[in-house]
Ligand code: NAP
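Only one chain is shown below, in structure tokens, and it's the form predicted alone.
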């Protein structure tokens, strides 16, 4: 991997973890394409990092192939794919309706699968590449009231491991970062849900899940993503790294 000048695609790149990843990759010399549904937020990030914004709604299965083709046509071949786009909705099983299940699977699993299918074989033909999937420690363990989310993240972990083995001899590595609760808007929504349901301080409740008694930061997630990219990381594949202050331990 020759990182300076290589093209990276970061989905969900308009805010939060995705924005932090885009900034970290750009600081490392990559040309970063950010994608997502909020065109205004994407343009702001792209301007700040000297990158490119290509909006796409990856909840539509067909959008993944179109996005990959647009990046290849307008920017160049993708060397680094970061599947960060995702949603997190919680509900007891009895209230987890088909719509919640389908939305979660479409964005958290199917979008990553479709982008990998569109991008990874070409990476292999060129002799290498990097894929980093943003899973969750909910892909390594279970949480109550999040059956759809946990199932989707377990599926993403399984996809990561399967593709890592399939492409092990190609020079393409496929890994996942599995954060605990991160200090983002999504984390704030989780904290608000806890506060409404229990009357407790939601942020304190989330922080207490970690032995470090804190939320992770987007920049820590971005650093973990970056660590999979250099040539010296070529032996790291099929790994699903928990970034949760020791919670998974």
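Nothing here was measured: the structure is a model prediction, and the numbers come from that model. Residue numbers count along the first chain shown, from 1.
The next section is about a form of this same protein that is not shown, the form predicted together with the ligand.
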Does the trio 159, 175 and 225 actually contact the ligand in the predicted bound form, every residue with a heavy atom within 4.5 Å? no
Tell me, yes or no, whether residue 187 is in contact with the ligand in the predicted bound form, where a contact means a heavy atom of each within 4.5 Å. yes
Given that the ligand is not shown alongside this chain, does residue 238 nevertheless sit within 4.5 Å of it in the predicted bound form, heavy atom to heavy atom? no
4.5 Å heavy atom contact, residue 17 to the ligand in the predicted bound form: yes
Do residue 59 and the ligand share at least one heavy atom pair within 4.5 Å in the predicted bound form? yes
Selected contact from 124, 87, 91, 168, since only one has a non-hydrogen atom within 4.5 angstroms of the ligand in the predicted bound form: 87
Hey, of 130-138, 113-121, 74-82, 92-100, which bit sits against the ligand in the predicted bound form at 4.5 Å between non-hydrogen atoms? 130-138
Need the contact residues for 157-186: heavy atom within 4.5 Å of the ligand in the predicted bound form, sequence order, or none if there are none. 179, 180, 181, 182, 184, 185, 186
